[in-house]
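One chain comes next, on its own, written as structure tokens: the form predicted alone.
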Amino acid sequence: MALFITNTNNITNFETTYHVLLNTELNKSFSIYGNLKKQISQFAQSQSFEGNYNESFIFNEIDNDKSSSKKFIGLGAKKDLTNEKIFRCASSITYSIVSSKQKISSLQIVLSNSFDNIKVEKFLMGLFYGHYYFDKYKSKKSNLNDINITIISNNISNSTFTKILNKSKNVIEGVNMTRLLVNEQPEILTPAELAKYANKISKRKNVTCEIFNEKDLKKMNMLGIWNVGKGSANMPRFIHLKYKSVSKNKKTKKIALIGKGMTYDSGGLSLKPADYMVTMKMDMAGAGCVVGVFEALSLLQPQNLEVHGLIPSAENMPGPNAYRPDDVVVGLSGKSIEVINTDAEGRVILSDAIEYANRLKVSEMIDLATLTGACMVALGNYTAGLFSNTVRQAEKILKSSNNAGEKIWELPLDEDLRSSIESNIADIKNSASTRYGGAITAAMFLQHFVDKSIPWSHIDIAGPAYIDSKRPWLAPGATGFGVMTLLDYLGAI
């Protein structure tokens, strides 16, 4: 099911109309309805509606046995309006229909007069984003009917609107690919199946995909991935996606995006408690994000860009061949890892992917991983943690996250904590000797494998990648977090 969105300058008598307005635009919005202005204004006052962000009221009109509904949604003050607020406002409109029993096939939305092209784009992305629910395994399906939406905006031409609409749709296609992968049950989404999704994208222009199986991993000495995955009946994979456009710029950067792809994490021999195993299908959200970015890149086809998507993928299971605490793993980098806790497996597989990126001689790299519960303790489940060896790259990522409306907060790489991951028998150990600063020590483990000449950032998405219960603008399950931030960072949107 899909949204069909068009643009016009004229408001008509639709059965359902939404008005999205700043707190200074109340009278102007009410005036559209002529003789009804006074009634709407009085009703708004009775509801104490002032146009603050997230405030709303519905005015129902019955005329000649025909009824129409007019919903007014406040955006607050112009100076406080952010891309995140616009995105959530739009998403809440379509998601409220999806999650309700209303059979709405068409509606119109009157946008604030303050909306420029960027704000319209973010609003359209929100509309597409909200029209989603993962109901594959439900006998009673969600209300994902086709909806025709007419956007009323006086500040944008039809040709510009069409360009923005297509871009917004393609971006959310990438986001929803991530959501699909992360929401899928682990019996279906094995490392081999994840590789198939990546390979499908390579059928499109400017995208290639290499897939390395368990035999390849051993031959290539990618033993971090092999050791973590060898305890499962579903063997590990390493996926190398590449997007390279026709470039007119000789200085085009070669960027690596690395995504942790644990399609299921039981903890291995260091078995998780039962309650902590639930939702561990989402431990491949970093990989899902990278696949989602490539889905969007294949549709958007941005110029002057070379991106490598590197995905180490495995299942962490306590099988008869599982790796053990006290094992020493030597992977692609040649650096030895003392295994303290088999449930700290994500960083072990990422060490091989980072070394692979080093050998590609990339200009910079970013990894995304649902790496630590400690990051969730520190920042909650709305915000990702950022760690970086380069101030310039960190600032650019933070700017992109703000543009995308996805919350990221920078945390330090604290040298005082480095001794806690030093090993007596190996180069490094995969779990710190202290429970304090767990997100930091995990990031510093990854940093150990990064070529010091390469700008690198790690984004811990454990908190915002997946939610257990719905939010007013968002279905429960995978959120697709990170895709829009990375697309903005790459200059693709």
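One rule holds for the numbers: they count along the sequence shown, beginning at 1. Quantities reported herein were computed from a predicted structural model and do not represent experimental measurements.
Below: the form predicted in complex with a small molecule, not depicted.
- For the options Glu406, Glu345, Asp352, Glu295, the one in contact with the small molecule in the predicted complex, meaning a heavy atom within 4.5 Å, is Glu345.
- The listed set Met365, Met280, Met317, Met222 contains one residue whose heavy atoms approach the small molecule in the predicted complex to within 4.5 Å, identified as Met280.
- Looking at Lys272, you'd find a heavy atom of it within 4.5 angstroms of the small molecule in the predicted complex.
- At a distance threshold of 4.5 angstroms between non-hydrogen atoms, Leu371 is in contact with the small molecule in the predicted complex.
- Taking the partner from elsewhere, Ser457 is found to have every heavy atom lying beyond 4.5 Å of the small molecule in the predicted complex.
- When the small molecule is considered in the predicted complex, Ser29 lies well away from it, no heavy atom lying within 4.5 Å.
- Stretch 373 to 381 is the answer when you ask which of 373 to 381, 126 to 134, 103 to 111, 81 to 89 has residues with heavy atoms within 4.5 Å of the small molecule in the predicted complex.
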